[in-house]
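Following this are structure 1 and structure 2, which are two forms of one protein chain, each written alone as structure tokens.
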Structure 1
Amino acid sequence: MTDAVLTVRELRVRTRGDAPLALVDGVDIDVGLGETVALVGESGSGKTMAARSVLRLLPANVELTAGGLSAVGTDVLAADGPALRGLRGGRVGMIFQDPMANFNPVLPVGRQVTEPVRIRQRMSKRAGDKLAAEVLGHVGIPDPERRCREYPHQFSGGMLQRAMIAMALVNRPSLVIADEPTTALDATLQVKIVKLLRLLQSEINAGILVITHDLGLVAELADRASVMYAGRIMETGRVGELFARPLHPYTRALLDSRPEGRTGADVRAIPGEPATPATRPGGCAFHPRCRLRVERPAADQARCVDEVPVLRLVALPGTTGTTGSTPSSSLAACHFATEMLTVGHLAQPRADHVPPDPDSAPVVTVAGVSKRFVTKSAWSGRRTGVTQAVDDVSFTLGHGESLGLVGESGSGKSTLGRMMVRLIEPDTGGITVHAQDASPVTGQQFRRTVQWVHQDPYGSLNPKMTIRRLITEVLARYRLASGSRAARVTELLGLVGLPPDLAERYPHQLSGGQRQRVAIARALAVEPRVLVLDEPLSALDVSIQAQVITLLRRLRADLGLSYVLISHDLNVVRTICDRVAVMCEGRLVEVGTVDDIYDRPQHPYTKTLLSAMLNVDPEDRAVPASPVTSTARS
């Protein structure tokens, strides 16, 4: 490592008040010049708090203590106002997650981008405009002279994220902190942003601290990574080693629950919910979810509950010296980390899904469906635009089949999904749903046969009703299970893996994963044959995503359901679906089996989508990674 641009020791962030919660609990971070370090973890693990501590940009109700905190040669803990402002936007640039929310809506983008310069030196308006155009052009925004005078709402999300990067780098900082820089973006844009970040980093040779929950981004961007859980670092090491040989059960579990490059059968969910500062268990914070612990003798198990494991170097027997590879630089906070070198898979194998017979009778036939939207000006009522959201789309969905509907946002996936559940009517063409005996179903029966599961379960669950009422209401509407509704609610909750006592809670008392399960249970209440799932996983954490994937696969096998899975995440689609339909600008450009689409894509657009997947193994990068690859190369 070269010169350190960030050194954090024993960082603690606590809420103020009588019963303080530890949000960050003793974290060390080191970033050197030119180096990229990732802080990975599920949401709520304290990544953002740790990142913001570096510039002391914390909410008023939390307090920060640290054994040491120095950024680009400044002692942040001792810094006064002017010294801090010198760091912020000067020697340290910060990139945030949601570009739309992080630009002031009433000021031109160019002025905001150059603000870190303009508050430090006097600058004429012309010089400011010139600088804005120059830096925006540099991050790949076309026609920057014009665009720099435009406002944030006139930019797309991807363009705005580029502008935010320009803003963070405009003073050529030595340290860049990027908090979830790609999370708010479409897959195709994520790759472009990652490339841009790497390019710019090589230009200004800054150290980057990147905060993310996305292991694909870590593999693509980072040299080293620290895995965070419940405010603590579980494992830290070089990215190549971390991916090839995880030394902490949590790292291993995270890697195993990735949908990337898997077919679904080997996606393994981490049981339970991520710990929050309020629910963090004693001892090892991960112990209620840990598979390694379960396999240990009782005394060892008790140790996990009682004693907090410290982060320490794990000795690798056999590997060091013999093959001439670099010794491990990984530290893990697990009492039994060395066991991780020997144990095999930490999970039970799962029964695999049998793809349906392609000739089986279809449940849904979509024939030549089109839909256009006309937007009208609010003042004059004149047409201002016509969007052909869906354009002459035809396909069939077989019994027990899962069809993935993929494409960028705006490609018409959701509109097609909404037509399939009759939330909107097509302009032309027809959607037929067949009963068991192949006869078309209509009216009320249609709504029972095809159910819709929404992207944002929180928005679709009435917050004033208990889970029991939410489900009972659906049963009542279709006059189902009268007399035994309480039992049916319990049965439905059991079906999606939720305990019966959860029925008395309100939606806001549930976690995101639980809410998504409730939404699925409610859809199942009417015994549908088809579920249309619109981005069912996009709001969930990796480990929870894996749980829902597993659930969907099991339900399909148990209940003989067919799925239409709408997603922009090709990795998720691959884990669940049998066939994939690729949509682009309202048209279906390619339909095929999962293997065909992923291994032998025909249409150029499909190829673009696939190349945009952030699932590159760290070995594909220039960084020498695991011993195996480095020996192979030498």
Structure 2
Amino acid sequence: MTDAVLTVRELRVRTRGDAPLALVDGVDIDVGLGETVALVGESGSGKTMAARSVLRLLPANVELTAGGLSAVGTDVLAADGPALRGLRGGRVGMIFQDPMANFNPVLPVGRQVTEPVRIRQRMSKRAGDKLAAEVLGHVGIPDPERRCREYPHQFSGGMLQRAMIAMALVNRPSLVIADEPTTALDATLQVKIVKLLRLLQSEINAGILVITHDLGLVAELADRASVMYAGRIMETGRVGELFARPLHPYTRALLDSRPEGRTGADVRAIPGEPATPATRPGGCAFHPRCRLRVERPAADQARCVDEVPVLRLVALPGTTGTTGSTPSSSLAACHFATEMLTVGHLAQPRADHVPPDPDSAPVVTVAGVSKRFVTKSAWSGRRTGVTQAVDDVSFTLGHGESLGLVGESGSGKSTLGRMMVRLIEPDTGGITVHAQDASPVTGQQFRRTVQWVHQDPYGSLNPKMTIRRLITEVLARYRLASGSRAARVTELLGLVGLPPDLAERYPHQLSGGQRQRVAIARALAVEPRVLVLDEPLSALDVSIQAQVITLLRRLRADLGLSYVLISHDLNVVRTICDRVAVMCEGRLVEVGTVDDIYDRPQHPYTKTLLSAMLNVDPEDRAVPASPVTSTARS
């Protein structure tokens, strides 16, 4: 590759010990100057471990081997301490996934942003402060002279991510590694980060390696992409070709499970759970979840089970050439890759959805609700500020209806949700939950009628309790199923699609999707009529998101539940909800059906949110491409 800034060959990362596990197994990566390459896959696929190997930022209990590993002209495998320090933060910048966890909480942000420069050259405090303000202003942080003296907890998530990008680029590196740079950010912030990365790349002509599970980010930002599963590359190629004509069943399944631009019935979940290093099967790692395999003759199925497919060149129709450097060609690790070109979308059973009756009596009535929070000085006790989190909000929720509450972080949607389940009380207005006879529900019956599903199931489940005990605790609290609680636990697990033997496990032994299903099972234990779901899919991979979307739609149809879905992901909301309520600065600015909001938005803020949705179509990018200079850096 001409002007290559990263070349990786046969990268392998294994745990140490008597029974080593292969975390990364034979991965090749190439990134050129001015090029953006995405490494995409689900959690546990090994993509972050592969990216950290470039700078040898690995835990002590793993060992790294490779046929070749060169970053910006440096042999990383042979590099000593000073050579590695020259790469880290110098010629190679790193954008970490969680900026709050990677910034030192007791140092000003500006000092940390300029640290890669200060450790390489002498710089006065005044010069350091000037440089910090300059780079923070360059990445779009307002009032940078003041902000550079503030601490990480005083920054919003979006601003802290911008500061992380500034720190990675302050030395004008030739290679930037961005690990999940937009995870958990609002749609508008995601677009701003994509635009910022494009702009900065055009200025310094750096190569970028993006690590992500977000297909929308791949389509918006990347030139080429490699799809990882269970530590191996399944497919690699130019983004346009990969999205239009996927050659591996896993790539096709990922694209079919995405929620972008689809209704819930069109989202196709991948069956089963992603393979881990400990559970990776023999042969093709994806074969237990592959629908294409089960439709093939027995001899072909056996080949998938027994023989590991080799990543090989697959010439696409209308292309020429037989080498990996051919612009219009892709590599795929599938025994039947050429046949994928003729395979349509793989069908699956769909959960039927009965639209709610618009004339039915409401289950929840929210009338003129407001809530403000007063901040006080810890030293003097004096009031230092007032935040109007929710301001005069009114709406109703019908029986069997799903309402989406959308808006940016800080819009008040989670505060409103917490008031609906009485975790906090409103200052003015009222929230009434109605029984089936339309009478108001109070006391203990209220807790059984409305249930809350937390955003982070891992944080909300007691790590010292088994799943059986976690669910039984709810049944005992409300004196339910007193004579058959073990059977009720099994029934609830089956209701959310989990096997009975999972009841004896602890939360840390479950995947993210399984933990979210357990959280939903606990909420269903009291037989509620309303579920308030706070960002239930934000931390899940796209394939697991599709499974939970399908589950929520089925439970709603089978049990007649009503949902209030709090989310910043407009694509997810469209797959689950009948109506959408848009919140901005504590107020409802627009309420309407899904079709009205998405196809005929009226309020400027709604239009802004919709325009910020990342497309899973490289030909229809939400953020226009920035020109990339071709001149080499001196």
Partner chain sequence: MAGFVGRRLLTLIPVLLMVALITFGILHFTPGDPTIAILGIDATIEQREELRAALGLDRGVVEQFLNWAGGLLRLDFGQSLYLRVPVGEAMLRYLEPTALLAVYSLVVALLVGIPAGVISGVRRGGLIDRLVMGMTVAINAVPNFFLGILVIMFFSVQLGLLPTGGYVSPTEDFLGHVRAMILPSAVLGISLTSFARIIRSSVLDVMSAEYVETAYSKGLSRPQVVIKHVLRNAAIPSVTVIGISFGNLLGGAVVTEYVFNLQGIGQLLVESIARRDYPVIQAGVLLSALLFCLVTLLVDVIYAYLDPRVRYGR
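Keep in mind that what you see is a predicted model, and the values were worked out from it rather than measured. Take the two forms, find the largest set of C-alpha atoms that superpose within 1.5 Å, and that set is the rigid core. By convention here, residues take numbers in order along the sequence of structure 1, the first being 1.
Asker: Which number, 1 or 2, marks the form predicted in complex with its partner chain?
Answerer: Comparing the pair, one sees that structure 1 is the form predicted in complex with its partner chain and the remaining one is not.
Asker: If the two forms are fitted on the core, does Asp392 show a Cα displacement reaching 2 angstroms between structures 1 and 2?
Answerer: No; that C-alpha moves by less than 2 Å between structures 1 and 2.
Asker: Val227: CA shift of at least 2 Å between structures 1 and 2 after core fit?
Answerer: Val227 C-alpha, core-superposed: shift of less than 2 Å.
Asker: Relative to the superposed rigid core, does the CA atom of Gly560 travel 2 Å or more between structures 1 and 2?
Answerer: No, the C-alpha moves less than 2 Å.
Asker: Let me know the CA shift of Gln154 between structures 1 and 2 in Å, rounded to one decimal, core fitted.
Answerer: For Gln154, the alpha-carbon shift amounts to 3.0 Å.
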